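Quick heads-up: it's one chain on its own, the form predicted alone, in structure tokens.
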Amino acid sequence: MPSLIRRVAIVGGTHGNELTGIYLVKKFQQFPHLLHRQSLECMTLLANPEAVAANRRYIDRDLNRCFANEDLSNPALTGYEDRRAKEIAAQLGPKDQPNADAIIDLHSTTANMGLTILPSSKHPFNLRLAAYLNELHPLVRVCCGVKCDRDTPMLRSLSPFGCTIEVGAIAHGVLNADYLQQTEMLVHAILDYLDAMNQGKILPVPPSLTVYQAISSVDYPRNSSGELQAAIHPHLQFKDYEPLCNGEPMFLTFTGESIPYRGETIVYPIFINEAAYYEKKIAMTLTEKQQVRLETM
């Protein structure tokens, strides 16, 4: 476990059209006393200001895919987001000796993800923090990516501790007051947890945690030209985190035929029909539901 978490970075606008994090960061910048905790130094960051100004996800490429070590060290990558990633890495990183002890990266999604925590890694500290948030707010779900470690291209990988907060469903470029309040509530809960830990106070954490472990992604059916040939089946739309069994419908073709899920195990799809993932050729991510025992402090 980390001895102390002293410096926390709260990041919004990694994607320029996800307004929840953008306006929370602006609020915290206007009212910095809201972040004051006795043992913490909290800094705020608008990660992609040009994309924020344009109300676009990105200018040249997805900033949240620019933080792989090989990309950060590659001088040939000179697009706006690549340059911005290097600036952010210099401010919050480097990964092997980060300036930020923990990062809270604020996002929103068009998928029906509710309140989701994506830990920076499966480090026991991150899992205990996620379990605390789930215990405090039972609607919080915890999801780990296929590669849930420091060697990922996400901004949160600049620090070993912390998480991404993902809320939705919210359309891009739209502010939702309910999700704005719930995201702020989670930020304050994280800061309270870190502050208590620094002062030697043990906040209640359950002995185990339900984790949705990503195992693979599924693309939409396409023709040889790459054009869509089907949409998410109506029975699956907005059913993020719900079980999907062998033979149940995944897609509906434009001629009205159902395409079922074929698999030996029950999976739990997430990021179903996320608007930003069409270009990434991802219709949904399949996860397995796991029960993880938590290490005691």
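From 1 onward, residues are counted along the sequence shown. What you see is a predicted model, and the numbers here were worked out from it, not measured in a lab.
What follows is about the form predicted in complex with another copy of the chain, which we do not show.
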Within 4.5 Å of another copy of the chain in the predicted complex by heavy atoms, the stretch out of 241-249, 64-72, 37-45, 268-276 is 268-276
Assert contact residue (another copy of the chain, in the predicted complex, non-hydrogen atom within 4.5 Å, options His172, Lys86, His123, Lys95) equals His172
Note: exactly one of Thr110, Ser217, Thr152, Gln213 sits with a heavy atom within 4.5 Å of another copy of the chain in the predicted complex, namely Thr110
In the predicted complex, does Pro32 come within 4.5 Å of another copy of the chain, counting heavy atoms only?
no
Whether Pro49 contacts another copy of the chain in the predicted complex should be assessed with a 4.5 Å heavy atom distance threshold; does it? no
* Does any heavy atom of Leu19 come within 4.5 Å of a heavy atom of another copy of the chain in the predicted complex? -> yes
- Task: Considering only heavy atoms, tell me if Pro260 and another copy of the chain come within 4.5 Å of each other in the predicted complex.
- Result: no
Within 177-204, the residues having any heavy atom within 4.5 Å of another copy of the chain in the predicted complex are Ala177, Asp178, Leu180, Gln181
